[in-house]
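Consider the single chain below, provided in structure tokens and representing the form predicted on its own.
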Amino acid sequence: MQYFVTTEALATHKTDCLVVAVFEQGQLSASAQAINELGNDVISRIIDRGDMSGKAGQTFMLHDVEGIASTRVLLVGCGKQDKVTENSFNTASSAMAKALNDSGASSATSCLAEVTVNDKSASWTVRQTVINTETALYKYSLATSEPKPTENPLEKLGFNANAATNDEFAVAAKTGQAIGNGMNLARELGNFPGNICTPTYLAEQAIAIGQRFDSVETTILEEEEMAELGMGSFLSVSRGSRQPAKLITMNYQGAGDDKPVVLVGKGLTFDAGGISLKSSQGMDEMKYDMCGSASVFGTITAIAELNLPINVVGVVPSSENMPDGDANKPGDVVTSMAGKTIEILNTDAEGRLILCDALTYSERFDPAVVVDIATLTGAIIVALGSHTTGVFSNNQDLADALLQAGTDSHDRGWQLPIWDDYQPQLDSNFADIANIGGKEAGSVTAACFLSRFTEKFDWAHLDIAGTAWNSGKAKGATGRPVPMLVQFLLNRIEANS
């Protein structure tokens, strides 16, 4: 998709389609009012006869409107004019993208930036429109048969601006496209089945990213090298799989010798639970247990596309967790890279076993901060549902920065505690630490486990088990929290500039 900004007057602007906002109770945006007047109340007549209510996400296509050079005008419902929320705007702009792509229009110009969305700026609406366009038009690339291509798909989307907003909108569109591309990469990797998206496949994709961008250097550690480093916790998980584990590092250099932000993504390409076998119901969705790593891939590509002035290292421990004669057994004790011994009480709590060694490995980069992203616990879904990412941190400023980034991008998180009160739940009679903490506060004790390996740096943990994918009829990876992570990095750049 190509994006552009135009300051040409609506009446004379030649495009296949103009997009304007209509609100509930018959209220029109400024652009819709202008077109309505030029077209002899054509929009008012549509509303009066009940064809357009203005509900968020509703669309109605007009053709050959009098006084307009554009051959089409798409009306998009945005909800109540004085109460347009981020959710209703996302619904409206996603519906716009789908309607345009099915309309036969190869180019279109949107006037939705004039919609006031809570406290968000007009450039936010442009960026969000681009993100929603990219993600709404995403199609899974593997199919059981040849996919039917869309006839005359949308190829160019413009944004109506004035002299004051022209440059601002152009930057917003570029940023939105990079974030949307990053989300779609994360979705694609997440949606691939476990027999295709293996640890080796992830490593190959990381190498391809390094080849695509000169600013990214990729390194892959094999199991023998990890064994030499003492990653006994990580390697204990991969023992039950025929797929060799990989430790993937993508080093993005955009800011000289500055200390990097390290992003650690859980890369369990399939999680059967090991000896503590999961139930068969829904086990196919355990291909999504690598969505933390997918979000790191998506974030690295987004910031590389934008050429951001920041250093970021993506660290991805990748493995499968399968039942096998050599797999971890409940009661086994393994030794982590940090030298701490771990009693494995449940082999299905494997994510923390690979992450703890990856977190220790991150120390070598002398990080400014470390953020891990993981589909770590079902307990976070009980606590927060599928709308919100769980945020944990040993540094409140870092937690606040991630929460603010979530608010700014509308990819929101909510902070939970990792107080010392919870640490005794991880006590073990036979090792330094147990890998589970009992029935209570499962997502908290999982974060507490990880915190034992982050004493040398400022760290935050994002539990995305509820937000990384959708189940049911709309099953598929979401690409979250790529928007939050990119916004977090953008905010750091702005704060340090």
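One-based numbering along the sequence shown. Note that the coordinates shown come from a computational prediction; the quantities given were computed from them, not determined experimentally.
There is also a form predicted together with a small molecule; it is not shown, and the following applies to it.
Put simply, of I43, V444, A465, I68 only one has a heavy atom within 4.5 Å of the small molecule in the predicted bound form, and it is A465. Put simply, of A92, L100, L353, L376 only one has a heavy atom within 4.5 Å of the small molecule in the predicted bound form, and it is L376. Heavy atoms within 4.5 Å of the small molecule in the predicted bound form belong, among the stretches 200-208, 271-279, 305-313, 388-396, to residues of 271-279. Contact check for N346, A349 and W469: all three have a heavy atom within 4.5 Å of the small molecule in the predicted bound form.
Among heavy atoms of L416, none comes within 4.5 Å of the small molecule in the predicted bound form. Among residues of the shown chain, I381 is one whose heavy atoms approach the small molecule to within 4.5 Å in the predicted bound form. In the predicted bound form, D289 approaches the small molecule with a heavy atom inside 4.5 Å.
In the predicted bound form, I436 approaches the small molecule with a heavy atom inside 4.5 Å.
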